[in-house]
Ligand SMILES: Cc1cc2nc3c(=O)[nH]c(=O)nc-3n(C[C@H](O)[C@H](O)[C@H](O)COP(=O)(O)OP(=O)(O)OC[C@H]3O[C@@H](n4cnc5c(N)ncnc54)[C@H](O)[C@@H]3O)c2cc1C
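Okay, here we've got a single chain as structure tokens, the form predicted alone, with questions on binding and movement later.
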């Protein structure tokens, strides 16, 4: 199925099933968002739309990956799902397909696509920040696999997750990225403790995760022992490609919603023009990334440009909305102030999560522009 045929068919299906897909307007909690996400994915999977763009060996129907970009865009534009939880499929499933044993990917990926499960990403640790090569969560060999001990932090949706793509230290600390091994861990395994963290926008989206002698079967190793850095480098560009396209669609919807609610007269025209220019620039760049991905190109450090553009846009958009919100409230407009406030606060983190803006600019400077030593 090509993109044009997919787009036409999906749009008709979304229109025909608008009532069944609509979220509960009275449940704006994180748990409610996760329930809505699972419902939309299940309906989309049963109708085939969630399966197009994924390889048949992993439960998909084949076709170009770019149709997945449009599916997420359409769901965001209609307000059916939130971008954070939805993005975990695009971030984690491609790498699992690439590095997991074929039978494991065939068993697990359909569970994620049809909304039976949510997965999380166990990368960040206390004290290491964006220095992923310094991680210390250790996996020790056992007779039939691994015993994992350590801690992760900022693990999104871990309290809802059934599985975790986990990076562990299997070599010496001095070996840095050469001593890392990736594992696929069941989150209900004894020894795992999840502690949600309340963020400043009032949502327990992030978690601390503790691993106390957690047994992981050897067949859950992703890629070769000591090859976890390659897994991470395969995964991170997906975190900065299709999932960013989806978030850009969500940002456009939120901006359109705000302007439709308060009117353009509540915002500075010059500032609005600047935000719209940034939105178009991001979408042009991200569209090119989707086309390259669909064409079979391997994504790499150039996706850091997409991340910088998106995070800069998100903060600028909610700066504009924040100023307009103040004016609208003074004028007595009726709007969901708490929801807009939460989105504004969350936007402050856009230059931190997924690799800070400083790290992204260093990648661009060193690995794309050859400015300095790339170590």
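All values reported here derive from a predicted model rather than from experimental measurement. Positions refer to the first chain, counted from 1.
Below: the form predicted in complex with the ligand, not depicted.
- By the 4.5 Å heavy atom rule, the three marked residues 242, 252 and 286 all fail to count as contacting the ligand in the model of the complex.
- Contact annotation: of the candidates 248, 122, 94, 72, the single residue with a non-hydrogen atom within 4.5 angstroms of the ligand in the model of the complex is 122.
- Note on contacts: among 308, 349, 34, 320, the single residue with a heavy atom within 4.5 Å of the ligand in the model of the complex is 349.
- In the model of the complex, the ligand sits within 4.5 Å of a heavy atom of residue 205.
- Taking the partner from elsewhere, residue 13 is found to have every heavy atom lying beyond 4.5 Å of the ligand in the model of the complex.
- At the 4.5 Å threshold, heavy atoms of residue 128 reach the ligand in the model of the complex.
- Among residues of the shown chain, residue 364 is not one whose heavy atoms approach the ligand to within 4.5 Å in the model of the complex.
- Figure note: of the listed segments 150-158, 289-297, 275-283, 218-226, the one touching the ligand in the model of the complex, with heavy atoms no more than 4.5 Å away, is 150-158.
- Taking the ligand as positioned in the model of the complex, the residues of 348-367 that bring a heavy atom within 4.5 Å of it are, in sequence order, 349, 352, 353, 354, 355, 356, 358, 359, 362.
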